[in-house]
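Included below are structure tokens for two forms of one protein chain, each presented in isolation as structure 1 and structure 2.
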Structure 1
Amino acid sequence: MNDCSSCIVRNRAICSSLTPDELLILGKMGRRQKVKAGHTLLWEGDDAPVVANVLEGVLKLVVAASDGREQIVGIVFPSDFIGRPFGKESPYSVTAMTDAEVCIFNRNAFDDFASEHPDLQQKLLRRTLDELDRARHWMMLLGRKSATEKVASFLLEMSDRLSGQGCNADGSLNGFELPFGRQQIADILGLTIETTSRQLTRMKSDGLLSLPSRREIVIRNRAAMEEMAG
């Protein structure tokens, strides 16, 4: 990595709390790695020798049931942190949904560095609590909400998450391009692609959103979308 000053997520990633001298040290420990769509970076239950900041692209967190079925339990975006600091085994597999790039660190070296920098540990704690809140929301989304509420909630979250990909990005986007197709949306929400497509078409007919292309979304009525999301 060497030069953290050129990192496109430097103001949003966990290392944003570090001084220039500390960033220089951390930068020498890391390396950029491209991850092709469909490639798995970490496997559930295996030793997790690395941790990483996401620079570009979108990755999914997946757990497998005893019968082999897979469930997506989370999605990570640019500036998100993946891996298990101060741990050994990965509780989920991490697989790229799109072509991605990460800044990757040896976990033991990162743990040693974090132990000497309380600000970084505090940032890790905040991220962990944010992930816990997101996991609770995810449980509600998958377990209790209707198909309409699931799709509306998902689109609102995407508008929030996709707005934070740049270094200085902030706020929510009413117009955005999804980094994955409808089949992947259906897999994430535990729906069929037919149900997902029907919900999007209904929202378009009701004037809540526009669909300029298969992946482009423009939210026309955010208040109504939030009400629909429950």
Structure 2
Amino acid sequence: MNDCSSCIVRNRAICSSLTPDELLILGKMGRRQKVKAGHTLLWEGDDAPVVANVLEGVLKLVVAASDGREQIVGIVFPSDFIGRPFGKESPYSVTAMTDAEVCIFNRNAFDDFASEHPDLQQKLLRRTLDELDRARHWMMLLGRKSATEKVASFLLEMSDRLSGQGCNADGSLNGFELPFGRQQIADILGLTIETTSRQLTRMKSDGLLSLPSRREIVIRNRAAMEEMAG
């Protein structure tokens, strides 16, 4: 059984809506599980018997075409929720991009628990609404933005979302380390790896950013970058 009171994401995950008593019940239902980088937790189209909270690491949500083309439709960080409550099949695959740890629940048991705990359900609703907003803005990026705009938008969003992780909690971070490589960036932006790479190289030579190592990004001119994001 889990000791939720010492959970790292205790106050950020949806569990934060629960009283100590309720947490005890939920703790009995969940179990911690490590996921190796590259391992797929849920497969698109398969029955998905579980939902989970992310404790550590970064995972991707992927929709694939029959011929193998992939589009990443979501990136999941610690304290985020994964899985599809009130649904049977997983609408996308969930794969770890880094070594990760999740707190897993049986979906039916979770659904029942949620139905009896309106506060938890409201937290889930708020999160889902936020995700939907994010997804819809991403649709604008995918459908209407140029490669340059895509990459600029991506870097700015990453500098925001990775801020929670690091130390500088002052809004957004200019220097950060991406938890994944170029191909994944391409799969997020609906581009090829070559186009993605070329955009980054161009931005580097234009002095907008520097690339200290493969996965590190330092935004040197945020104003110009925001201009570029369209």
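Whichever C-alpha set is largest while still superposing within 1.5 Å between the two forms counts as the rigid core. Residue numbering: structure 1 sequence, from 1. Please read all numbers here as calculations on a predicted model, not as lab measurements.
Annotation: structure 2 represents the form predicted together with the DNA, while structure 1 represents the other form. Taking 2 Å as the criterion, Asp99 does not count as shifted between structures 1 and 2: its C-alpha moves by less than this amount when the rigid core is aligned. Shown in the overlay between structures 1 and 2, fitted on the rigid core, is a CA shift at Glu149 of 2 Å or greater.
In this overlay on the rigid core, Ile217 has a C-alpha that sits 2 Å or more away from its partner position between structures 1 and 2.
After superposing on the rigid core, the C-alpha of Gln184 is displaced by 2.9 Å between structures 1 and 2.
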